[in-house]
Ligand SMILES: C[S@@+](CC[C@H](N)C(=O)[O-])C[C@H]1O[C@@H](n2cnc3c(N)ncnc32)[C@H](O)[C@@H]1O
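Coming up is one lone chain in structure tokens, specifically the form predicted on its own.
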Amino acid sequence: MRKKKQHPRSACARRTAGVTLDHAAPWYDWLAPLMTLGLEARLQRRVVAGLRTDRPMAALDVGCGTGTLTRQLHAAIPAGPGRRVVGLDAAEAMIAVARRKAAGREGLEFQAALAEELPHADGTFDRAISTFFFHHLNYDLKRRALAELWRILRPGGQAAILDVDIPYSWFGRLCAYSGYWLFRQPEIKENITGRLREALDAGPFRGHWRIASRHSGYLSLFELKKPETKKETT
């Protein structure tokens, strides 16, 4: 495999070993639907629909890119005290676009930060989502990012991850391996061989996740839950 071209990275992005996409920010909103064969909008609706958002709450979108899904999540959560939706990405150019598109929306904010070092206190969020992000992380970073998701979720919190997974059809294998060879990312190969599932089982979400649905022969929507804290009995 040829050596992968190195693109310029923002100051925040240079702090992570994960793949970041500062260089793709100007055309990302055109590229993402193309890479999902036109299914991006439908998949995003599926992610949001799988979350319980029946009251004002705090939610986090990890690897938010230009914030398309973050804005959908914000719209799905009822307005009121306590509604706070945060989109987070290491690519500062992506965050700049996301902030511009979200200008004026109360309770919606974007931060340049790392998934493996979330800048939030324990138990800050009720919900967390991440789409097409974990295939940019190597196995160690996958585990660290998942541990951070667990940490920032409140007891009873819910998370959803949509990403490349073990292919289950010839079309899925074609799509998954084409992406791997096109982008020359070993992190994608890890997802194809099931290492995202391994990372889920190796951390605090062990026994608290399931595959809610599968799509396009190679994508999985993972549902993660943090159990309620057991009440002490007297």
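The first residue of the shown sequence is 1; numbering continues from there. On a predicted model such as this, the values are computed, not experimentally measured, just so you know.
Heads up, the form predicted in complex with this ligand isn't pictured, but that's what we're talking about next.
Participant: Can you say which of 152-160, 136-144, 77-85, 101-109 gets within 4.5 Å of this ligand in the model of the complex, counting heavy atoms only?
Facilitator: Only one stretch passes the 4.5 Å heavy-atom test: 136-144.
Participant: Thinking of Asp126, Glu198 and Trp209 as the candidate spot, does this ligand come within 4.5 Å of a heavy atom on all of them in the model of the complex?
Facilitator: None of them does, since no heavy atom lies within 4.5 Å of the partner.
Participant: Is Glu116 close to this ligand in the model of the complex, meaning a heavy atom pair under 4.5 Å apart or at it?
Facilitator: Glu116: yes, in contact with this ligand in the model of the complex.
Participant: I'd like to check something about Ser216: if you look in the model of the complex, is any of its heavy atoms closer than or equal to 4.5 Å to a heavy atom of this ligand?
Facilitator: It does not: once this ligand is placed as it appears in the model of the complex, Ser216 has no heavy atom within 4.5 Å of it.
Participant: Report whether the minimum heavy atom distance between Cys64 and this ligand in the model of the complex is within 4.5 Å.
Facilitator: Within the cut-off, so yes.
Participant: I'd like to know whether Thr16 contacts this ligand in the model of the complex, with contact meaning heavy atoms within 4.5 angstroms.
Facilitator: Yes, Thr16 lies within 4.5 Å of this ligand in the model of the complex.
Participant: Going by this ligand in the model of the complex, which residues of 69-105 come within 4.5 Å of it through any heavy atom?
Facilitator: Contacts from 69-105: Leu88, Asp89, Ala90, Ala91, Met94.
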